[in-house]
Ligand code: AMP
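Presented as structure tokens, the chain that follows is alone, the form predicted alone.
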């Protein structure tokens, strides 16, 4: 690896690619604000217990993927592998009274020690939403509808909404036993992880990506059929709400998501443009005890990988916009023209959104024009001693390969019209 190359699973982002990232962030703000969500930014690292407590010690994230280290004070800290746990910690710190509700969204980098692949990085970025304190099934339907609207807003069409239920904690012993009874017959034919999960987290055997395990899981009992009446009623209302909101969806009986805190609704959106690993976004309802809290709180949320959203956009023919280093390039011929050129550029910046670059080098006309071409400038404004004396500017249209000489005020208006 070259000494200046980013570490595996990370990357440097330059324009025009960063403009696509800004598009996603602005679309998130636009859509989520309409639903009453406010933006929250949490620290990139937290106490390790924040993630272990909320994600579950037997999850793959905690067992295999977290970047954990000890700081100088001897505290165990972890770079955030996902957004929900930090958001819940922040809500607990701010305070959430009984009956109150908190709706937030976030985006930023997350960190997992995974094998890098297309759309899967060690430093990756997520857009996420959390609605904490609302226990209604209609909230689940609204959140999924909001995610669908966000994807439509950024031009990602053709996704498939998959939904399932994990039921309530009191359903789990019955469901877990039924799953153990089924998978025990095939344990010898399954991967090492699934053999371990048979005793530690049998639900995770349903979504193993090993092809042999996946085939076996297809015959497993349907979770919803094993749930109690309250859980079935909750899920029925979520599905009815999605229908009434016009969200097309499919039932996914083996979708469980990988984190222990989920109850009731879990969902995922897949997209064919991502290839074999086709998950675009996912989430669900959870029940978490806030640090210092006496009663668990419920929430519903989702996260979408920004890299994966961009891959989906690219599969649909959407590419980063063409950008140039400068729209307008100000050429100053001679030292005496440099400061007036800077003033000319500044006036343009104050009155237009165009990118304006002033050349301070006082190099030859040929050298400065070469730089203007390299920057992709549409317009070049030129002044030398004679133009300064006459109070004019030479205005060159680089696209039409034509030029004219105009008084300064007219030259400014001409440049704004042409860039």
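Positions refer to the first chain, counted from 1. Predicted, not measured: the structure shown is a model, and the values here were computed from it.
Omitted from view is the form predicted in complex with the named molecule, to which the following refers.
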So which stretch, 326 to 334, 246 to 254, 140 to 148, 305 to 313, is the one near the named molecule in the predicted bound form (non-hydrogen atoms, 4.5 Å)?
305 to 313
Interface residue in the predicted bound form among 126, 78, 201, 231, criterion: non-hydrogen atom within 4.5 angstroms of the named molecule:
126
Exactly one of 197, 103, 89, 112 comes within 4.5 Å of the named molecule in the predicted bound form through a heavy atom, and that residue is 112
Evaluate residue 271 for contact with the named molecule in the predicted bound form, applying a 4.5 angstroms cut-off between non-hydrogen atoms, and reply yes or no.
no
Is residue 282 near the named molecule? Define near as a heavy atom within 4.5 Å, in the predicted bound form.
yes
Is residue 120 close enough to touch the named molecule in the predicted bound form, meaning at least one heavy atom pair within 4.5 Å?
yes
